[in-house]
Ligand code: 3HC
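Here you get one chain, nothing else, as structure tokens; it is the form predicted alone.
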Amino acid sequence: MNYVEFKGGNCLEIKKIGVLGAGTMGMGIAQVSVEAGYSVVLIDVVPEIVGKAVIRLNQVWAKAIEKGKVTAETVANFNALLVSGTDINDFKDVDIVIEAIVEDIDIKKKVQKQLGEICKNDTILATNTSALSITEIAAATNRPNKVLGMHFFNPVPVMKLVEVIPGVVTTDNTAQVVMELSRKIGKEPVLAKESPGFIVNRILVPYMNEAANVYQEGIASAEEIDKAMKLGAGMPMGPLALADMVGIDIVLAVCEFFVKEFADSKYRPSLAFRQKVRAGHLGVKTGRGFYDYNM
């Protein structure tokens, strides 16, 4: 049974997980949830995106069969646990919805408000934001005490960390349920107080931003900057390659959010980020960023 028991005898059981957004993050969240034995409803408003996600998941599982990591019977069970579609009303009977849509607070507030109206009264609403205010998002719903951040890292099936971020009025029970759920899907959760960027991005985004400044000033090429940080600082990936993987538009948005929230110019985004975004060079997802991935 997948549940957490609290002092006082209250028991909240998570049986069915909703995932909103079938892009890279949502697909990964759905994958680890299904593989942990949960029933999953994967929804995206764009039919092509959710269709591609299901195809990609089956490709991943087919390779796992070839490598002897799972059996065909196991994969058949995974597919039996996964329901996909485009109708957000299919979340009406899930126990938690993990929203993994665009990093825009106005859109997230609108969607979370809608989820609160559709879902059961005790359904937990989680957002996979990388930096935005959980409290502000929660305030748009009819259940701010059951809203919190559940920040996964890319690629979800590989990265072990999940940051769990309660808002100002999120109950301790809600946070505990999500901490335990994170463990049950194979992750290592850390509880973080709400603050722009939480833990990882609060530290990591300024690091990527400063690397972009070094690039913009012509001090070194992207290749040399990344090589220096890997060999000199022991980083597994260079900061500009990391920005490409995360998405330069996302890194830029987080920098701008930090400037707004902290009112501190030290977070001012590099001109290099702005120019890349204006050119549509967002990194791996567009085939070009600080590096060319079409070669």
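Being a predicted model, the structure only gives us computed values, none of them experimental. All residue numbers refer to positions in the sequence shown, first residue = 1.
The discussion below concerns the form predicted in complex with 3-hydroxybutanoyl-coenzyme A (3HC), not included here.
Contact here is defined as any heavy atom lying within 4.5 Å of 3-hydroxybutanoyl-coenzyme A (3HC) in the predicted complex, and by that definition each of 154, 201 and 204 is a contact residue. Only one listed stretch (138-146, 155-163, 108-116, 179-187) carries heavy atoms within 4.5 Å of 3-hydroxybutanoyl-coenzyme A (3HC) in the predicted complex, and that stretch is 155-163. Although the partner is absent here, residue 123 is not a contact residue: none of its heavy atoms lies within 4.5 angstroms of 3-hydroxybutanoyl-coenzyme A (3HC) in the predicted complex. When 3-hydroxybutanoyl-coenzyme A (3HC) is considered in the predicted complex, residue 67 lines it closely, a heavy atom lying within 4.5 Å.
Within this chain, residue 49 is remote from the site of 3-hydroxybutanoyl-coenzyme A (3HC) in the predicted complex, having no heavy atom within 4.5 Å. In the predicted complex, 3-hydroxybutanoyl-coenzyme A (3HC) sits beyond 4.5 Å of every heavy atom of residue 231. Shown without its partner, this chain lists 62, 263, 237, 55 as candidates; in the predicted complex, only 237 has a non-hydrogen atom within 4.5 angstroms of 3-hydroxybutanoyl-coenzyme A (3HC). With the partner removed from view, the residue among 43, 253, 242, 40 that has a non-hydrogen atom within 4.5 Å of 3-hydroxybutanoyl-coenzyme A (3HC) in the predicted complex turns out to be 242. Along 95-133, a non-hydrogen atom within 4.5 Å of 3-hydroxybutanoyl-coenzyme A (3HC) in the predicted complex is carried only by 130.
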